[in-house]
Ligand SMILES: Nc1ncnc2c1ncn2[C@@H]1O[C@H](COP(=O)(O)OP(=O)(O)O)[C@@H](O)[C@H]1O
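A single chain, nothing else alongside it, follows as structure tokens in the form predicted on its own.
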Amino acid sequence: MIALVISSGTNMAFPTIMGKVIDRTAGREDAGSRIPDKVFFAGAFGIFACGSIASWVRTYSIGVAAHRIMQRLRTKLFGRLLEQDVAFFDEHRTGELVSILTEDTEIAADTVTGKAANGMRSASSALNGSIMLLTLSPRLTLVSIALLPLVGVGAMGYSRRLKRLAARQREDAADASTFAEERLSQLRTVRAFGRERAEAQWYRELCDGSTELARRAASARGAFMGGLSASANASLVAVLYFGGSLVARGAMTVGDLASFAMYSSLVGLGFSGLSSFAADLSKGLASAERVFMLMDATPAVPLDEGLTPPLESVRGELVLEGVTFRYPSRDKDVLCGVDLRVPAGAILALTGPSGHGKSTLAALITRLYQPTAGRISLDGVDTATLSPSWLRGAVGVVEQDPVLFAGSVADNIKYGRPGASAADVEAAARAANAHQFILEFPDGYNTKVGQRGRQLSGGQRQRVAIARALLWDPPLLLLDEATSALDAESERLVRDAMEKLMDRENRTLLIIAHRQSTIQKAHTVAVLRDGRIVESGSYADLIARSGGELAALMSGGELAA
């Protein structure tokens, strides 16, 4: 702030110094008050040097402050996004969230630092310049500011129009960002259908919409700046015309008229800067509103609220009583009064037709969603009363399509336990039958897996994901279609790994599968159809039932061998 005041002050002093230089050269300066040339010019250059140093300090300080504010906004916002429940991301597009995280935070930070500083400088130029104009010649000042009301009206209209256009531009940019991110992340699908040119054309059309808005914004900006330039030039011509008559009558010196003209330019630049600041402020406030809207979003399931019993005491008994669930965007229940019991240390296989709620049930167990009705309990404790963070530490999950992060194989295996030793990582990989194929890579456990693990095959990704869950060593493990992406040999290796899981006491295993070879190893099999448990029992008993649900699935080919 001090540097800003000093640099603004030296800018205000410049016209006066230039006027004195002109009068001194023309011999119009009062001899009685004349300062020696050496002292005068030394003082002038000293003021200019102070202004230069202050400008550097101001620019440096604002740049550093803007970066720090942007960094704090981004880290805080990213943390808040990670706290949101899954339903939040069902309702918000990832591309839009990334756009707010990267672009809106930068715009908001720049608005409260660089743009705000420029606004204050412009206000200083307009205010202090007007004071200097009045000091030099009140009559000439009236001539100079005659067009000011017209400029003010134009500035308000320009600011409102630019705010509307900026909001629409941000929406279009978010749409384009979402589209690009989705297509690039699923490039294999795009390429499989030969849709590269069609998708490029679609993206071009999205960008064209934003281009049209940019053209309108540029047109509005050009019209306003052109009008502002014309009014400034007209004002300067009027100042020189009437000021020349005052010089001719001896009411004003040539130096004073030069100073007045320069102060008029500073005032014009000040009001021009304020107009630009008003437009930037509107844009910055819109970005800040989006940022703080996400920061203020309250997750339906707070991460760290609830009970946190010792993990060592968890036995792994899982009970669902009358569990009903409906996605917010749908008008039909996905699960309807589900009753299910998985004893501690047991293996339960959940099967049924695709799209009937099996994966949704797994998401409810880990509290990614809250049941619409009913109760889920772990060792007799309602999971709604448990801390979600603690619960997810007690329940390991291997998803239907496991996601690996860009990094090494070892980094992905120890994602849940970053401090795990190399020996622990290797032990988990061995248990998941992943150690052998990892060693076949030139860099072993340090091999990079690529974005989303694309450098690995589907079976390899599955086994790395199982190793990740094993290293976490949870008392309850959910395998969601854990063998769906595997060939026969890979499935055999995974089945071996699953059998090893039961060597640990108190390990409860819930398997969601469509393969007979997977579910026949379970102690209990439950069939889910239309969101309801329609049949449960041992594999042998269910398969022997004439007209039973499991038998119907097998005879209908809905269960692979």
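Since this is a predicted model, take the numbers as computed values, not measurements. One-based numbering along the sequence shown.
Not on display, but discussed next: the form predicted in complex with the named molecule.
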property: Interface segment, criterion being heavy atoms within 4.5 Å of the named molecule in the predicted complex, picked from 202 to 210, 242 to 250, 349 to 357, 459 to 467; result: 349 to 357
property: Listed residue that, although the named molecule is not shown, lies within 4.5 Å of it in the predicted complex (heavy atoms), from 173, 98, 145, 334; result: 334
property: One residue of 90, 305, 196, 401 in contact with the named molecule, assessed in the predicted complex (non-hydrogen atom, 4.5 angstroms); result: 90
property: is_contact(residue 405, the named molecule) in the predicted complex, heavy atom dist at most 4.5 Å; result: no
property: Distance check, residue 277 to the named molecule in the predicted complex, heavy atom within 4.5 Å; result: no
property: 4.5 Å heavy atom contact, residue 78 to the named molecule in the predicted complex; result: no
property: Heavy atom of residue 327 within 4.5 Å of the named molecule in the predicted complex; result: yes
